[in-house]
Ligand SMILES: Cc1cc2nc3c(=O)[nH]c(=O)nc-3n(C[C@H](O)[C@H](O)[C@H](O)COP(=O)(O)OP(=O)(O)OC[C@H]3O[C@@H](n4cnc5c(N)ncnc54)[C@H](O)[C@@H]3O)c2cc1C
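Take a look at this single chain in structure tokens; it is the form predicted alone.
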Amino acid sequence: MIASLLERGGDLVERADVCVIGSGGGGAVAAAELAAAGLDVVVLEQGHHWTAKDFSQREDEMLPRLFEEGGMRATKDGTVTILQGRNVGGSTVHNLCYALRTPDPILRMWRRQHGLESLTRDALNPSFARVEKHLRVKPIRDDEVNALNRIIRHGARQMGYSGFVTKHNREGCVQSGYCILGCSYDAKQSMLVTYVPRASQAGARIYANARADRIEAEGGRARRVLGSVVDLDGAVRGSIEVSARAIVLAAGAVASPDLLQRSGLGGSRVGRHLHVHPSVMAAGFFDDEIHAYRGIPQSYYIDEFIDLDADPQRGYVLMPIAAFPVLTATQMPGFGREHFHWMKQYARMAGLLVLLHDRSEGRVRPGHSLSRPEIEYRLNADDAQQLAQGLVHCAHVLFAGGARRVVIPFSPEPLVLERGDDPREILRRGVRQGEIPIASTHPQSTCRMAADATAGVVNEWGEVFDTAGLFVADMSVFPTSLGAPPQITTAALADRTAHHILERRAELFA
């Protein structure tokens, strides 16, 4: 059952074996696995239940529907934009479907430096296999590599840079290119069309427009979730109380620590150690029209500048990026005529971004309202230098791919490079917050796994140290920056946590 509490009306009072908070990449997996095993599961999702018929492919309609704060969520100082989903299916509804497993060097680092001895490749393989099966993960075919990604691949090969065509989770893709605005064809195998229906079919009761406001514990054990029925603007329309013998918190690396802090749970490490995979973009302009948004947006992946075996804490990848006019306009420099000059060349534009495996850390605290947590994040000098170096390599790739000029959207003065110019001018300008657009789609690590409560919030199974029966199953549990697209890792860890709950059901549900 999937129900909108707005349409249902009134208050909600429920009892369940497990209450899952959030229906995205972690929550939907946990709910489906637990319900399929016969447990009574209630899922609370603060966003609305949009489906393919609602995905209009219009930015003005879809950004407010699918994204927190209409796609404008940002750090407290406004220097980093953080894109997160707010709907049934979470961020998987708008993501671009890279489907890579957790890198082995990252798992080794988590075991060695964070005491998570059970996080081995062999231990995670069953979870990876289940997740990849349900999400229908497969290699992207060469005929599915669109014009943008072919240009980036050609440029990388001309430069001698290592890269590859990745796997993804699409089935019957029509290559419309509108992935980031929700798939109108149900080809993207997001949680909305895979694990959420599976959970519902297994008997889970999934409530949209249901915001969790507080988790209550008694005697050191999680007991209930109190919340509110909210409309599309966040206005309260009713109350929620769900009593449960276990609670799985999967609201994301911003909302999960916010909720724990508002509930007085999780200890002093909650909200700390925020990593965001910050990204900056270079734009190449070509003689011929590319229409970069058409087709699968991201299929090629340049890994020349990250060697996790040599250094699991450092590096960056280069990834093609294409957005629609509104989001593109926010990234391009200038005002008035200058901005129009760049935007009228939209059809001949190709984007390439640097995505950083960051060591910089930030923090999440409760804000003035539940819809706007306070997010702080500052790049350290080394990370800023790496982003600048990455932009130099972006320029090399774009020129090698045929670009006539490359624009780095510094503010107030953009850097315009013509073919033959030295891109090392980027290093002199540097990457400074507030002087170039920085975006994040992967906030993580704010409720990190650790060997004990002095270093983290949850143990290696996702259970909160100071609250029995309370588990976290989203990107906030990553001990460090992942250094790779997080979709499969998030889902696999949630699957692992769900199966751990099932193994302990006698104890938890006594």
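Source: prediction; values computed, not measured. For every residue, the number given is its place in the sequence shown, counted from 1.
As for the form predicted in complex with the named molecule, it is not shown, yet the points below apply to it.
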(message) Going by heavy atom distances of 4.5 angstroms or less, which of 91, 194, 102, 127 would be at the interface with the named molecule in the predicted complex?
(response) 91
(message) in the predicted complex, does each of 76, 331 and 436 have a heavy atom within 4.5 Å of the named molecule?
(response) no
(request) Would you check, heavy atoms only and a 4.5 Å threshold, whether residue 96 touches the named molecule in the predicted complex? (result) yes
(request) Considering only heavy atoms, tell me if residue 292 and the named molecule come within 4.5 Å of each other in the predicted complex. (result) no
(request) Report whether the minimum heavy atom distance between residue 47 and the named molecule in the predicted complex is within 4.5 Å. (result) yes
(message) With a cut-off of 4.5 Å between heavy atoms, is residue 447 one of the residues that contacts the named molecule in the predicted complex?
(response) no
(request) Just one of 359 to 367, 280 to 288, 147 to 155, 244 to 252 has residues with a heavy atom within 4.5 Å of the named molecule in the predicted complex, so point it out. (result) 244 to 252
(request) Output the sequence-ordered list of residues from 25 to 41 with at least one heavy atom within 4.5 Å of the named molecule in the predicted complex. (result) 25, 26, 27
